Ligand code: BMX
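Just the one chain here, laid out as structure tokens, in the form predicted on its own.
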Amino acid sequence: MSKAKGLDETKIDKIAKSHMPALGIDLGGTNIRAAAVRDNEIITETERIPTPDGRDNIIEGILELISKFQKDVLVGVGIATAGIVNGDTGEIIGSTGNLPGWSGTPLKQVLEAKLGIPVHVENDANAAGYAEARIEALKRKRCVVTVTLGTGIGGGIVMHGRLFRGANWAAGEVGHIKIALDNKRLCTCGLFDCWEAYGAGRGVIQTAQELLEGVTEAQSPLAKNVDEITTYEIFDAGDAGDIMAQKIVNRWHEHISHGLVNIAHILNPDCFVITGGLSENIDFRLLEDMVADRSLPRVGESIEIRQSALQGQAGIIGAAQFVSDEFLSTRK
């Protein structure tokens, strides 16, 4: 991590020795959230504001949140954002539909010039993966892959305690693994049959619509309003014993397993961590069995699949903790 402009060496040494927290900021399409983090745990109340429209307004919103904390007692600021991020320069180099116009923003440079403390900008799935891999149960694992299931599918890869970002900062875009060959489902990225088109929220709905074709309302209440069905209705109906809903949910587990198996055969991870809004609906025993059945024995027999220990706080924690870890490592 480069030294922020205007921060002298004496002050850096003082901060390093005092075990000060870092501020983590999670920039999403709906809200921006911030909290102070020390030792992979949030130690303050979480502040939030609605995500404004436009690049300049987003930056002002971030600065507004930072102003709610005492800047002079922070190691630095870590920001988790959607999109592909150059981890060295802190520039957003890949756009995201949730944040129009965000691509090309030199966020680290802009904020460090205004704040005078170190800033690190990270892809949100990478930040979440970094936090998950640092929990006590996983910090000694060789390879931990975090998969975020929600509106889309994201991933963070941590090997021997370090984030793996790839040659062009785009490693971990696991949602765009191809899991079918028929050009049947168009993904939001513009490609066909990505894992995200089957395993994310829209994928669950499309699977339901396909399986409910020809089904009457008497056979399943889900058939009443197929065109407007939601994931909540599907999972609630499955929990209530609806056979068709349970079939949809089981097929969704199969789709999730296909993506995990592909990753497992490439990376041979110790553990998958599943997070995001849809993770609450995962039957982890069933998913582990499906992955084991579809994997080579040496690959699938020992993979652990676990639910996130940090849930919605992982992005904040990971962004902040990365700042602290990198900052302190430069002082050794």
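In this text, rigid core is short for the largest set of C-alphas that superpose within 1.5 Å between two forms. In this text, all values refer to a predicted model and were calculated from it rather than measured experimentally. Residues carry their position along the shown sequence, with the first being 1.
There is also a form predicted together with the ligand; it is not shown, and the following applies to it.
Residues of just one listed stretch (172-180, 67-75, 104-112, 256-264) have heavy atoms within 4.5 Å of the ligand in the predicted bound form: 172-180. Using a 4.5 angstroms heavy atom cutoff to the ligand in the predicted bound form, all of G83, S95 and L99 count as contacting. Remark: T151 counts among the residues lining the ligand in the predicted bound form, judged by a heavy atom distance of 4.5 Å or less. In the predicted bound form, the ligand lies within 4.5 Å of some heavy atom of E196. Residue contact check for A125: one or more of its heavy atoms lie within 4.5 Å of the ligand in the predicted bound form.
For W252, the Cα coordinates differ by under 2 angstroms between the shown form and the other one after the core has been superposed. A displacement of less than 2 angstroms separates the C-alpha positions of Q209 between the shown form and the other one, with the rigid core held in common.
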